[in-house]
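Below sits a lone chain in structure tokens, taken as the form predicted on its own.
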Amino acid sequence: MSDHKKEIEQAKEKFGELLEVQLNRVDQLNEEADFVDFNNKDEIVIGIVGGDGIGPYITKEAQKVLEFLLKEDIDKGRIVFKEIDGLTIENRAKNKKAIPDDVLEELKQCDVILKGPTTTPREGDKWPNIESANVAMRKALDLFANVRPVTIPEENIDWTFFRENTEGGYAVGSNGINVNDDMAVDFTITTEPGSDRIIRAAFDHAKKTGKKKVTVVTKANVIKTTDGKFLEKAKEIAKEYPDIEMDDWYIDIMTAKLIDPKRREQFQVMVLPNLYGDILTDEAAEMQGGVGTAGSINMGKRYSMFEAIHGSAPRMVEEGRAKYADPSSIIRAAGMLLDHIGYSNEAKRLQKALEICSNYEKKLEITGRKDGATGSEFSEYLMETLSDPDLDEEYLRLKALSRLDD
């Protein structure tokens, strides 16, 4: 048997360094302030980050829709747009940083950020091996909650996922330890304050929106220490919300029950550690019509970022098809941004218009190619629909007709 003392000591040293960083982070979490109250803000700065690939194309269309819906308050100076161009893969590669320092400073000047997709280099790419811009932004701005709604009205599905963003298997995902050539170790991290704030955010959302159930998803029967802490914290917090039912499921069976017609209607709000949330929200988005139809919030107490959940699709740009990219996902994210900063009526109208244009009426078809509509044509169609003073009645009429057709 070989002597592994040196390898173990080296691993212990690196593990100690990681623990020190995470324990310092916990100290900061315990001292953090509460959420920003946008109702008391005289000026709200919305950062527009195009990203790369198809990002600038689709983000431009979402910005048009926001400007259309917020025109009155833009004219009054309460809403200000700040365009930030430096998060392209070319600029990030040049600076050898996931987020260049000057870009991060610009982001911090915003209250909320609407972000297009960004390219994350993979092995064999021409780009240097820099961290995902999304992961870096979540860490730098402490965007701890990834909130993704999925609605399929005709199937009575109305889900909201609260995925923890800054802990779990992704917290130190690029800092695992190669103990030797035969063994590699990664870490999953769960903290008391980190679990508390994401779980409490899920229950607060349920209470605010009139939902009656919060489902906690873990693998606590096997991952007993970290997932066990997350589940126990959920049970503790649930006692503070007597009008909301809490149940818990393991991630493996949950992926099955999400597509079980007899069970899935019962789910409403779901809260999950990082990795499980990544998996389950992509499954849910596919059921809605594909990841290209879903938007998400990366929410913190000071900053929040709203984005499409699909990739940057560089091949579409290379093939000259970028203008045919579907902007629905990032427009949905823009709707979530509206709701977050206090424009709930505008957000509801946008959601109804999207359902009319994408499902119930569908005068335009986006295929991603020349045989379909452009993103610009879709946003114009959407704004035309939003201009209808009888939008609410038209939405209900088309929704009823759709159900009759079924």
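One-based numbering along the sequence shown. Since the structure is predicted, the reported quantities are computational estimates derived from the model, not experimental observations.
The protein also exists as the form predicted in complex with 3-isopropylmalic acid; that form is not presented, and the subsequent description refers to it.
Taken together, the three residues R200, K233 and W249 all stay farther than 4.5 Å from 3-isopropylmalic acid in the predicted bound form, as judged by their closest heavy atom. Of the heavy atoms in S132, some are within 4.5 Å of 3-isopropylmalic acid in the predicted bound form. Although the partner is absent from this view, W159 stays clear of 3-isopropylmalic acid in the predicted bound form, with no non-hydrogen atom inside 4.5 angstroms. Contact check for D186: no non-hydrogen atom falls within 4.5 Å of 3-isopropylmalic acid in the predicted bound form. At the 4.5 Å threshold, heavy atoms of R138 reach 3-isopropylmalic acid in the predicted bound form.
With the partner removed from view, the residue among E245, D278, D196, D102 that has a non-hydrogen atom within 4.5 Å of 3-isopropylmalic acid in the predicted bound form turns out to be D278. Residue Y170 is the only one of Y324, Y170, F267, Y303 with a heavy atom lying within 4.5 Å of 3-isopropylmalic acid in the predicted bound form.
Partner contact region in the predicted bound form: 162-170, out of 76-84, 207-215, 162-170, 249-257, criterion any non-hydrogen atom within 4.5 Å of 3-isopropylmalic acid. Taking 3-isopropylmalic acid as positioned in the predicted bound form, the only residue of 139-160 that brings a heavy atom within 4.5 Å of it is R148.
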